[in-house]
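A single chain comes next, written as structure tokens; it is the form predicted alone.
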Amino acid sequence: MQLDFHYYATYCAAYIAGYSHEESLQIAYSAQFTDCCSRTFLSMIGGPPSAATTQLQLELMEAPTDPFGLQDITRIWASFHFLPGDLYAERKGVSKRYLRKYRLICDTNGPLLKDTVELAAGRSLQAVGIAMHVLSDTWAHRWFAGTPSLVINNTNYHFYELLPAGDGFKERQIEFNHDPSGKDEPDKGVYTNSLYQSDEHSIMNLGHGRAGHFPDYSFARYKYLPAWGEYREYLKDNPSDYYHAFCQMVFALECLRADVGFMTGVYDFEAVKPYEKRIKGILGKRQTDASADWKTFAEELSGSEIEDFDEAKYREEYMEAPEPGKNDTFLGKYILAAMAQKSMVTNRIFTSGNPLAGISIDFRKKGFAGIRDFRRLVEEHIRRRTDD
């Protein structure tokens, strides 16, 4: 998904769920900032590099793809953008190496989604925003994995868009190109994707790179043969999926606001029903950026002006805060929430017997041992318990 959904649509979901205008803005900012919090940004503000929730294109191109480098990439992308649907999935007749990658395929309504939403319970609005980003992306990034893998993420020429035609749809084969400076052209069915690389671990084979930005567009309906799918055709209906994502966000946000348990597979269609036609109209409109339409709807919904997203909005506050007080700034709270999410997902992957995201140690049982940056997360956990 993109800024239009992560920022403006998330604001709408939060407001419908009962959060105030200011609270909704903070949740929406945190959801979108998950696509911005790179090591480059963290280095600029003096933040811990292990709090990175994304990697810039240049960072990815320079990232090592040895086992440790691949684990680092997987920790980021599986934790925040391609949440695994079933860490214990079975598949007959495959190697253990293949099965480990297969188990990282992103899907909706898995156990890790429940863990993600409930991890944000009783925590900051920043934690809530991160959880909403992760939830939304399970719908857009479904059936791709957040680890570089040709045998899982590759696509081929059998990739067809389904275009509305009368009471049904007509098929049009998508034309992919590899010009990074080129623009997607929905009217022509031309989209940019990553260059084919036969190297299993090439960064070109991360996530939905082989399908480009196309899976991020809410209007997209398509069928294709995923590399892991045994040559079976899979259908993705983004207008429907994105509507489910929105209604699931509303339900999750209601649960978090009321401090009650979250259940997967539940959508608050009733709360969203008064706005159903408007939302579905935005989702189905053939445009690569729906921000203007979502913004207009958001402002009509709350009666308040929705400021444009500004990545640098909270940067100075964090940089100017004294060290003991950095955790209490907006970005300080975001950093703690990001490390908590990454730590949780890494732990779940590791304890499932899968080493692709690296080693995870439960400090409550064995004491602190690991990446130095995470000590602040441990200290914050201890402080919260003391305060309670």
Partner chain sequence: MTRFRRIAALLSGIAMLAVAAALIFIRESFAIRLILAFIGIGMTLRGIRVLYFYLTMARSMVGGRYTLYWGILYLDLGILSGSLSGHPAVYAIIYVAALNGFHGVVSMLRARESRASGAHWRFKMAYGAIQVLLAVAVIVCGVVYRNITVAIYVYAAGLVYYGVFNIVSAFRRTSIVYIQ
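Only a predicted model underlies this, so the values are computations on that prediction, with no experimental measurement involved. Numbering follows the first chain given and starts at 1.
Not pictured, yet referred to below: the form predicted together with its partner chain.
S.K.: Report yes if any heavy atom of residue 179 sits within 4.5 Å of a heavy atom of its partner chain in the predicted complex; otherwise report no.
M.R.: Residue 179: contacts its partner chain in the predicted complex.
S.K.: Check whether residue 77 has any heavy atom within 4.5 Å of a heavy atom of its partner chain in the predicted complex, and answer yes or no.
M.R.: Yes, residue 77 is a contact residue.
S.K.: I'd like to check something about residue 88: if you look in the predicted complex, is any of its heavy atoms closer than or equal to 4.5 Å to a heavy atom of its partner chain?
M.R.: Residue 88: no, not in contact with its partner chain in the predicted complex.
S.K.: Is there any non-hydrogen atom of residue 56 lying within 4.5 Å of its partner chain in the predicted complex?
M.R.: Yes, residue 56 is a contact residue.
S.K.: Name the stretch: of 281-289, 165-173, 303-311, 91-99, exactly one has residues whose heavy atoms fall within 4.5 Å of its partner chain in the predicted complex.
M.R.: Single hit among the candidates: 91-99.
S.K.: Just one of 227, 119, 271, 255 has a heavy atom within 4.5 angstroms of its partner chain in the predicted complex, so which one?
M.R.: Here the answer is residue option 227.
S.K.: Tell me, out of 136, 147, 194, 126, which residue has a non-hydrogen atom within 4.5 angstroms of its partner chain in the predicted complex.
M.R.: Contact check passes for 194.
S.K.: Taking heavy atoms and a 4.5 Å limit, what residues of 327-352 are near its partner chain in the predicted complex?
M.R.: None of them.
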